[in-house]
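Below, in structure tokens: the form predicted on its own, a single chain.
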Amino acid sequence: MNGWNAIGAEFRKVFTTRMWWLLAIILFAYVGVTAGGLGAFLGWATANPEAAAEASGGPGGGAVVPPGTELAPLIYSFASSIGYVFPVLLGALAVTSEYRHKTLTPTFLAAPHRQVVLWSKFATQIVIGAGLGVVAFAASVGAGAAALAGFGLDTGLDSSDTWALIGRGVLALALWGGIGVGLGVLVVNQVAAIVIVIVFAQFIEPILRIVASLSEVTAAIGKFLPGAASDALVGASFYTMATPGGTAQSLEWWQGGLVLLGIAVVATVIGGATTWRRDVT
């Protein structure tokens, strides 16, 4: 089986199951509700600064939205800031489900060159991750722009910068799909891989980024964390706004992309040289 046939087989494995569209629906709803809710709140806070300041602790509490903040990129970027978990999960499941359901043996019998199978999974999940990125940004832009327009605020949809941000965001989620494959081939136990994704995304990395922002030395290291690199690639993030000095310590967008790509490739290469070469029965 050549590489193109292997890639076609991997696409069929994904699209003949329900997992991909279930994750896509959940992703769309999750991002849409979050971006729409945040857009409505920040839109109200911007349109009613005195009431918002009073609600946040009185006039001395400061503005809810820092002066000069562009709301549209901030809200739209929620698609990548919170949505990246989904392509990682799908990428990891593309590998771990083969071990769990014992389908890896017939896969290797059909395609004896294991590295062809592995990198076909990698390429497939890059494409599917980009597709999930389109779904996520459709939700964040649709709900977020509607909320901003409801308060008479600029949606930024007539700006090329906004569309460039969306394009980089789709690329970021594509690369997260590759990272998922790397994780799956390193941790072949499906339950363990899912737990690692959720715990790292929701707890470990946010804590590490907060701790890293406390000093210049650690901040220079923290910007290479995968979530920080993803935010840098996209170019906007609610987390960056909420972290003191976050913007100053961010990578350039292309550097963030290279970091994500490097993590995906290195994890896949290590897994391919270790776990992937072992007997599966």
Partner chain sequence: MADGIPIEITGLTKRFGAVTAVEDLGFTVQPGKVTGFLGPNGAGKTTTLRVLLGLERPDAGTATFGGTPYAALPRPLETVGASLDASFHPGRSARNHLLVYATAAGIDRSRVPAVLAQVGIAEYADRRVGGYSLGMRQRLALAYTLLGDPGVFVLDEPINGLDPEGIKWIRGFLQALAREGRTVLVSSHLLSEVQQSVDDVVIISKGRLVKRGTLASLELDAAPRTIVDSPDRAALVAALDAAGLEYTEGRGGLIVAEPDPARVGHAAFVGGVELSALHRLKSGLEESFLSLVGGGDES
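Note that this is a predicted model, so its numbers are computed, not measured. Residue numbers count along the first chain shown, from 1.
Separately, the form predicted in complex with the partner chain exists; it is not shown, and the next lines address it.
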| property | result |
| --- | --- |
| Distance check, G152 to the partner chain in the model of the complex, heavy atom within 4.5 Å | no |
| Contact of T162 with the partner chain in the model of the complex (heavy atom, 4.5 Å) | no |
| 4.5 angstroms heavy atom contact with the partner chain in the model of the complex for Q202 | no |
| Heavy atom of A9 within 4.5 Å of the partner chain in the model of the complex | yes |
| Answer range among 69-77, 94-102, 172-180, 135-143 for contact with the partner chain, defined in the model of the complex as heavy atoms within 4.5 Å | 94-102 |
| In the model of the complex, residues of 14-43 near the partner chain [heavy atom within 4.5 Å] | T16, T17, R18 |
